[in-house]
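Read the single chain below, which is given as C-alpha cells and is the form predicted alone.
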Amino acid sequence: MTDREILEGIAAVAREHVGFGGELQPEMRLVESLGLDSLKLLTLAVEVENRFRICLDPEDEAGIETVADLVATIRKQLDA
C-alpha cells in the first residue's frame, strides 16, 4: 500500500465519520486544520484502526499532529 493510498483511506474515514468535506493534505494539522475536537479525534483514530486493520500505540498517538504523521504511523504499523 502506497502513502497515497493510505492518505486516500484517511480522507475517506474523515469524510464518513467526522464530517470533513475538504481535500486532505499531508501538511494539515488534525486538530486545527480539520477542526477535530477530542471526540472526533478519537473517532478518527478508531475508524483508521478499523479501516487499515491496525492498532495504534498510545505512544504513537501522542506524536501524531499532522496528516503526514498519521500516514507515517499507519505505514509503520502496516510494515510491522
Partner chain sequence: MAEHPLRRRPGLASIAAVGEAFPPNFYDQETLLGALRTHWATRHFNLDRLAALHRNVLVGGRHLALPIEAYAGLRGFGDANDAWLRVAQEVGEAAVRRALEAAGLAPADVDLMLFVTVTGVATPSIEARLANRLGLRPDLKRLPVFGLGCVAGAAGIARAADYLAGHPDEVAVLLSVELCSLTLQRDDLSVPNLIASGLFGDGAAAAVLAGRRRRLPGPQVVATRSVLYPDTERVMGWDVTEGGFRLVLSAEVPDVVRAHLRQDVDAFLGDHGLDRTDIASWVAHPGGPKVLVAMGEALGIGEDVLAPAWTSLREVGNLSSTSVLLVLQDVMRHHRPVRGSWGMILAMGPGFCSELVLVRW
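Residue numbers count along the first chain shown, from 1. Just so it is clear, the model here is predicted, and its values are computed rather than measured.
A second form of this protein, the form predicted together with the partner chain, is not displayed here; the remarks below concern that form.
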Quick one: in the predicted bound form, does every one of L39, V46 and N50 get a heavy atom within 4.5 Å of the partner chain? yes
So, in the predicted bound form, is E61 in contact with the partner chain at a 4.5 angstroms heavy atom limit? yes
I54: touches the partner chain in the predicted bound form, heavy atom cutoff 4.5 angstroms: yes
